[in-house]
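Given next, in structure tokens, is a single chain: the form predicted on its own.
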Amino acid sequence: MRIVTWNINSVRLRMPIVEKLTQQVAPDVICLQETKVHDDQFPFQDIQALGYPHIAINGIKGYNGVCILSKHPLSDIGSHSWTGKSDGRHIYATLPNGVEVHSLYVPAGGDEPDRAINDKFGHKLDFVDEMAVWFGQNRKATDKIMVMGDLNIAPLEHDVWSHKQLLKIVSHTPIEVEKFNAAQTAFGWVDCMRKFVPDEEKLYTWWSYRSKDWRAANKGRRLDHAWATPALADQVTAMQVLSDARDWEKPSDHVPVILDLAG
């Protein structure tokens, strides 16, 4: 089974590259974030025409929004309102093989890494704090569960183009990394991307629109992640970051992350 996660930055605007993804990669399941569409305006027919008849969505008008697109039936569909906000950041469903997949979009956190002056940053920290407890309270780490999505934090030194220069930039600040690591450790999540790429190697999934030649500058960050419970992690047999998608027509600033699962 092949599973993809991608912050698409408006699913309706970028349907042509969603189609290109399905043609090139042929995923069984696609987790999208920032769909930016209310549920009643979601492009169901276009998605189903690509071969994904099973769709779980949690959207709001104009921003955020997540979904799971699947070639296979989805059951036990649900979501959680993180920090008490119904803002379209989470959807989950169970696949026929028993794997529960979560598509998750963590708040970006604004520009100032100080919750005293930036409510968005406080919201982000609270969200990640809740991640550290919610899964333990509502799921079993012995089950086969995967979290895919834009978690908006680049935790490792080589998850950013310059560790030193980004220490005070939202997404790589010490407090964010501390809370991110706590959330990962609390449930025993396995970092499926770093399972295949050593920590000392650069690994990015996002490049700013502000860079005219993103590839030459290569000032990227790894904001998108794939976590699996230990019960599932051994079944993850391959991982690819489809960086070429950053050059597709009208691209997202994020690129797809592709995982292959055995069984």
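It should be emphasised that the depicted structure is a prediction, and the values quoted were computed from it without experimental measurement. The first residue of the shown sequence is 1; numbering continues from there.
One more form of this protein exists, namely the form predicted together with the DNA; it is left out here, but the text below deals with it.
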Contact between residue 82 and the DNA in the model of the complex at 4.5 Å, heavy atoms? no
Under a 4.5 Å heavy atom criterion, is residue 20 part of the interface with the DNA in the model of the complex? no
Give a yes/no on whether residue 34 approaches the DNA to within 4.5 Å in the model of the complex, heavy atoms considered. yes
Quick one: does residue 170 come within 4.5 Å of the DNA in the model of the complex, counting heavy atoms only? no
Using heavy atoms only and a 4.5 Å cut-off, decide whether all three of 71, 144 and 194 touch the DNA in the model of the complex. no
Region of this chain that lies against the DNA in the model of the complex, out of 196-204, 232-240, 209-217, 47-55 [heavy atom, 4.5 Å]: 209-217
Of the options 127, 180, 105, 92, which one has a non-hydrogen atom that comes within 4.5 Å of the DNA in the model of the complex? 105
Can you list, in sequence order, the residues from 241-263 that come within 4.5 Å of the DNA in the model of the complex, counting heavy atoms only? 250
